[in-house]
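Before any questions on binding or motion, here is one chain by itself as structure tokens, the form predicted on its own.
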């Protein structure tokens, strides 16, 4: 009998981008459960975004198996229910926003889920209000700032009422006040998810475990502890590193 607490299972998954000599994801195995809130911190090119795209079926693995919600996913049709239940925030908001106005972008997901136009608009307005964006409904999407686009992109995901979140650098373009607001929103939702971020303070505030990726594999070393610290340097303006 399948373990119903496991939402995503990957076994021996590898993927190489066309023309590349190295695997972006290399023999990766992982499980992700209903109560997991995972943070991923790693350099660019380590395979984090590729992992998200494999889960969503935007690219297909060269080898290995992926099982989501208890079912093996291989063909495009297998990923239709996956995309209805997992909300993916793309790294670049311009890849997510394509409608003329904000309300049209946010309503697109509910409409695809079979909601009527009236239902979709109502859901969209409530989602924007939840995010404090109620005045954004009629704004022109391409005229928004980078941070505003980030929040609207999040609204397009939340309007679909997902059961899992995959957030790729969600704080890009956000000021400190908006980041604090986003932390409150994500913790209020209490949804399982995986968050990619380079910002330690943010990722520790919204996840329960932090892992790294290296050479296309997830490092599950529980001895790795990301933590905040305060200190003074005699020459604090000089560039320096902590190990």
Partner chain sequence: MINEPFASGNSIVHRLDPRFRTFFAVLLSIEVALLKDFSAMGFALLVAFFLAASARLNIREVMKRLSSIFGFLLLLWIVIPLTYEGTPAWQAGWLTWTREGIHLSAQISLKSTAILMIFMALVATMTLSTLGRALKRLSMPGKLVHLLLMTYRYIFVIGQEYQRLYTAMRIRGFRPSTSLHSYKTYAYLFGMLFVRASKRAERVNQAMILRGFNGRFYSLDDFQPSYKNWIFAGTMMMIFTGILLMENGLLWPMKPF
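Numbering follows the first chain given and starts at 1. Because the structure is predicted, anything quoted here is derived from the model rather than measured.
Unshown form predicted together with the partner chain; subsequent notes refer to it.
Student: Would you say all of 25, 29 and 40 touch the partner chain in the predicted complex, counting a heavy atom within 4.5 Å as a touch?
Tutor: Not a single residue of the candidate spot has a heavy atom within 4.5 Å of the partner chain in the predicted complex.
Student: Are any of the heavy atoms in residue 92 no more than 4.5 Å from a heavy atom of the partner chain in the predicted complex?
Tutor: Taking the distances in the predicted complex, the answer for residue 92 is yes, it comes within 4.5 Å of the partner chain.
Student: I'd like to know if residue 130 sits close to the partner chain in the predicted complex, meaning any non-hydrogen atom pair within 4.5 angstroms.
Tutor: No, residue 130 stays farther than 4.5 Å from the partner chain in the predicted complex.
Student: Decide whether residue 146 counts as a contact residue for the partner chain in the predicted complex under a heavy atom distance cut-off of 4.5 Å.
Tutor: Looking in the predicted complex, residue contacts with the partner chain do not include residue 146, since no heavy atom lies within 4.5 Å.
Student: Quick one: does residue 170 come within 4.5 Å of the partner chain in the predicted complex, counting heavy atoms only?
Tutor: So residue 170 does not count as contacting the partner chain.
Student: Sort through 174-182, 30-38, 54-62, 195-203 and report the only stretch with a non-hydrogen atom within 4.5 Å of the partner chain in the predicted complex.
Tutor: Within 4.5 Å of the partner lies stretch 54-62.
Student: Since the partner is left out here, which residues of 100-132 would have a heavy atom within 4.5 Å of the partner chain in the predicted complex?
Tutor: Contacts from 100-132: 100, 101, 103, 104, 105, 107, 108, 109, 111, 112, 117, 121.
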